[in-house]
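In the block that follows, a single chain appears as structure tokens, in the form predicted alone.
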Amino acid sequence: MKNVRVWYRKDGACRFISHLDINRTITRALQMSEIPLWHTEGFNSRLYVSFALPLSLGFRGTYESVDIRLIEENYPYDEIISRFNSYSPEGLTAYEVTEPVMKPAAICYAEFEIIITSEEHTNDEIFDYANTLLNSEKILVEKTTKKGTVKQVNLKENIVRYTLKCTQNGVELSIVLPAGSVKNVNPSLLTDVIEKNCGFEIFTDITRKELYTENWQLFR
């Protein structure tokens, strides 16, 4: 047996599918693909699949992965990609298969690309509001913990690095935030504050681009 990591993109209408349903969708596609996959033993046997880090509803993902276990060690990687894409819905596209190098627990940071637009205001106006907020000493938000309690968090302390610029598509914010099992900051918290700071409705298109370890190695 051999573990492999399938890398895929989540885009289009599929970005509005929850992580639980993505799990079901990919599991179903793999079961239909006839790839020689290992199933757990016991009365309720199931296909072995393991995802690195859930992606929030509505986000695009260019660097998503799922680990599977092959019964045939020499099964061709290009055949896995072909069969996976034949049965997965449009918007979930496998593009690479590798042997797992790092465990998901190694993930510490995520890089996001956020495109911000407005129907009533110019990109320059959005840029000014967002830039003022990002340069402030504190960006306070309320965040619900896993236990259901609400606490105030200073997002400024969680922003590792960022760049902000105007483009033809809107105001582009590239930002790195904590991510993983130890600490996870959703960029929607920041975009909500930006909208509040602007005082008018904005539209955001968020893509998770890369995942990094504590030592800033790309998660592989």
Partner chain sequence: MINKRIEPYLLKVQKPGRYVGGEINSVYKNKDEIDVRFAFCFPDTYEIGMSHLGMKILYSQFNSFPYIWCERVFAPWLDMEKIMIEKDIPLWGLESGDPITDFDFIGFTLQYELSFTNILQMLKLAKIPLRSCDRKGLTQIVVAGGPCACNPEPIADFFDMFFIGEGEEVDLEVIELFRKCRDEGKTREEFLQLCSQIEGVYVPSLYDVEYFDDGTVKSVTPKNNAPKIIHKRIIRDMDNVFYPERFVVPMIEIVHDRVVQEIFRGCIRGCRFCQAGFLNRPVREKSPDTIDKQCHTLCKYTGYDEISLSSLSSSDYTKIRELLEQLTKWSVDENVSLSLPSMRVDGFDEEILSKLKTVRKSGLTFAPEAGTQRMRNVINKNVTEEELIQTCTIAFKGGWTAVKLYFMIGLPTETYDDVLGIGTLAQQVVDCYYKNENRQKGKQVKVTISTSSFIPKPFTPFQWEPQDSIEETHNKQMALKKHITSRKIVYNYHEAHVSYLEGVFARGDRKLCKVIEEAVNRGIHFDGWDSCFNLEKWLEVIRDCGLDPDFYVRRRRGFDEVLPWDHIDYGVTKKFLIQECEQAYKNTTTPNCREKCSACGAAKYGRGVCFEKRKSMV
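Positions refer to the first chain, counted from 1. This one's a predicted model, so the numbers in the text were calculated from it and none came from an experiment.
We do not show the form predicted together with the partner chain, though everything after this point is about it.
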Exercise. Do heavy atoms from each of Gly12, Phe16 and Arg28 fall within 4.5 Å of the partner chain in the predicted bound form?
Worked result: yes
For this session: Would you kindly say which of Gln168, Gln152, Ser45, Thr163 lies with a heavy atom within 4.5 Å of the partner chain in the predicted bound form?
Result: Ser45
Exercise. In the predicted bound form, does Lys183 have a heavy atom within 4.5 Å of the partner chain?
Worked result: no
Exercise. Is Pro89 close enough to the partner chain in the predicted bound form to count, meaning some heavy atom within 4.5 Å?
Worked result: yes
Exercise. Might His39 be said to contact the partner chain in the predicted bound form, defining contact as any heavy atom within 4.5 Å?
Worked result: yes
Exercise. Is Thr207 close enough to touch the partner chain in the predicted bound form, meaning at least one heavy atom pair within 4.5 Å?
Worked result: no
Exercise. Pick from 56-64, 170-178, 153-161, 183-191: which stretch has non-hydrogen atoms within 4.5 Å of the partner chain in the predicted bound form?
Worked result: 56-64
Exercise. Across 179-207, which residues bring a heavy atom to within 4.5 Å of the partner chain in the predicted bound form?
Worked result: Glu195, Glu201, Ile202, Phe203, Thr204
